[in-house]
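Presented below, as structure tokens, is a lone chain in the form predicted on its own.
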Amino acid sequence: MITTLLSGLALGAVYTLVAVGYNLTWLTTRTVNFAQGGFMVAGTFLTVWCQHRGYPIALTLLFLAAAGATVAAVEFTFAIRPILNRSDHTELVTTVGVLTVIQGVILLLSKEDVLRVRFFGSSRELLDVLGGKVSPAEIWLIFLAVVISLSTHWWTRHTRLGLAASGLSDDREAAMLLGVNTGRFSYVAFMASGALGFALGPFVGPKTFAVVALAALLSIKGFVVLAVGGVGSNLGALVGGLAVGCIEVFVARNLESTWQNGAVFLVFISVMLLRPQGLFGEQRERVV
């Protein structure tokens, strides 16, 4: 029971981290960047590349963060900025296109589409926690999900830069009139989401392996978590992600593994029907 719970929390932590990346770009551009799952998977493949060359973990993380920030900056420049502030949500199509390109590049450069990722920390495969068995990588995932989501939640609520970023999502034109450099904020937000996605590769890879097809699945599950927790809420991303991960694992363990995705989307539909703004989202009036 405890082992299943810990496994579910670790899986949910992965979804939480994808949703936090979504929130970073949503706050400044009102764009859900569906390439976020591709960033994370690309990070796992680059982690394997760094491990084969014997890079230390510190250098690996710096390299991954720089690579992720660069890819995200290119994405914003060519796929988002030309269509920003249009009302037809064209960015949904362009970000899916970027996700597809990332998958294609990985398949082109990698000899295999599934690779094992070694954990950089403890050599022990399993640890005893509260009477259950859990890997060190899973403990790191849960820890990072809690720390990153709570830190970004505090940042957006209690710092000047965070409040300015939140103001962009509320009213971009008003933020510009108040002196906020919207273009710079948008670039930085995308680069931060890319750096986060790639740099999580050494932590996510030991749990999920490096799998090309996982990019689209992570993007979808991350969006489900975003909707369940509430768009723009990092606290909601944490609670929603951990809940979705636990639901998946418990359904797979007690029923059948083929039902786990159906159970998740049933929760998603139920939340959308009963509370469309999500568990921690805010309902706002819109003038038409």
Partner chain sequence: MNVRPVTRHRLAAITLASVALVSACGGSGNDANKSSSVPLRVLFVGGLTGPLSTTAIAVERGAKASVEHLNSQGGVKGRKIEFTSKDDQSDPTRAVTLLQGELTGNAKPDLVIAGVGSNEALAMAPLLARNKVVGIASAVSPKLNDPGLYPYFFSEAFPASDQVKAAAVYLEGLGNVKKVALVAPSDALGDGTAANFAAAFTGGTIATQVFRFPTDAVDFTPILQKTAAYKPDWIYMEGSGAQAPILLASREKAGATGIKTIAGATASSQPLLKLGKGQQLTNLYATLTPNAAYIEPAKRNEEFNAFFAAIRSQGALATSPYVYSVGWDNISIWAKALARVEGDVTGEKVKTAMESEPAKASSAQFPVYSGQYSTTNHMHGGHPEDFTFAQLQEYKDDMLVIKPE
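Computed from a predicted structure; not experimentally measured. Think of the rigid core as the biggest set of C-alphas that the two forms share within 1.5 Å after superposition. Numbering follows the first chain given and starts at 1.
Below: the form predicted together with the partner chain, not depicted.
Stretch 104-112 is the answer when you ask which of 188-196, 146-154, 159-167, 104-112 has residues with heavy atoms within 4.5 Å of the partner chain in the model of the complex. For a residue to qualify, one of its non-hydrogen atoms must sit within 4.5 Å of the partner chain in the model of the complex; all three of 7, 253 and 257 qualify. At the 4.5 Å threshold, heavy atoms of residue 70 stay clear of the partner chain in the model of the complex, well away from it. In the model of the complex, at least one heavy atom of residue 211 sits within 4.5 Å of the partner chain. Using a 4.5 angstroms threshold between heavy atoms, residue 184 stays clear of the partner chain in the model of the complex.
Although the partner is absent here, residue 126 lies within 4.5 Å of the partner chain in the model of the complex, judged by heavy atoms.
Of the residues 48, 249, 235, 243, just one reaches the partner chain in the model of the complex with a heavy atom at 4.5 Å or closer; this is 249. Taking 2 Å as the criterion, residue 255 counts as shifted between this form and the one not shown: its C-alpha moves by at least this amount when the rigid core is aligned.
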